[in-house]
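Next up: just one chain, as structure tokens, the form predicted alone.
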């Protein structure tokens, strides 16, 4: 086994074993150090990052150590190298084809969000049951009938489905996507999708976040 193969296997193991809270913090670090890199700042310490992001400096150092990234005493981290290491590790440079299932208001907004492509997410098509949407395009992205998903999946070979359908259709549409070869579902519905163990499910609940905001606001009255 050569060194490159060993390195790739090590990175794959790191992705598998990385604690989820750490994985959620890494994009925060990337956004901040990218800003520094654009300002031509050469080095940054975990203390500086801590002050800006309100994350304990020791936690930052621990998170970065999972990636075998270590700063130098009295110097800190090399900003440009840190940007590259985080970007590579998070997979933002690799393109991932995705489809939106549910091209209504939220789905349409995601299809029109060009910023997602900067993080490797390439939305190639939308699918819906609304005849007013089927056959249209959104920012150059075609919208098809949901009954065309299997056929179009052969063309687009998408690995990710973004689910933005009404809650009562969530599980059914997730099943349809999985049956068509989708490997991961980014679920924007409040329904907890059931799927085989080898399918990646990530839930982004706007309503849950609203509930959290309202609750925290209420406790401060």
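We call the rigid core whatever largest set of C-alpha positions still superposes within 1.5 Å between the two forms. Residue numbers count along the first chain shown, from 1. Owing to the predicted nature of the structure, the values given are computational and were not obtained by experimental measurement.
Although it is not shown, the form predicted together with a further copy of the same chain is what the next lines describe.
message = For the interface check, one of 143-151, 127-135, 72-80, 111-119 should have non-hydrogen atoms within 4.5 Å of a further copy of the same chain in the predicted complex; which one?
response = Of the stretches listed, the one contacting the partner is 111-119.
inquiry  = Taking any heavy atom pair closer than or equal to 4.5 Å as contact, tell me whether residue 31 reaches a further copy of the same chain in the predicted complex.
reply    = Judged by the heavy-atom cut-off of 4.5 Å, residue 31 is in contact with a further copy of the same chain in the predicted complex.
message = Test of understanding: in the predicted complex, would residue 62 fall inside 4.5 Å of a further copy of the same chain by heavy atoms?
response = Heavy-atom contact with a further copy of the same chain at 4.5 Å: absent for residue 62.
ask   = Would residue 52 sit within 4.5 Å of a further copy of the same chain in the predicted complex, counting heavy atoms only?
value = Yes, residue 52 lies within 4.5 Å of a further copy of the same chain in the predicted complex.
query = Within a 4.5 Å heavy atom cut-off, is residue 159 in contact with a further copy of the same chain in the predicted complex?
reply = Answer yes; at least one heavy atom of residue 159 falls within 4.5 Å of a further copy of the same chain in the predicted complex.
inquiry  = At 4.5 Å, heavy atom to heavy atom, what parts of 159-185 sit next to a further copy of the same chain in the predicted complex? List them in sequence order, or say none.
reply    = Read in sequence order, the residues that approach a further copy of the same chain (within 4.5 Å, in the predicted complex) are 159, 160, 167, 168, 183, 184.
task = Using a superposition on the rigid core, decide whether the Cα position of residue 200 changes by 2 angstroms or more between this form and the one not shown.
result = No, its C-alpha moves less than 2 Å.
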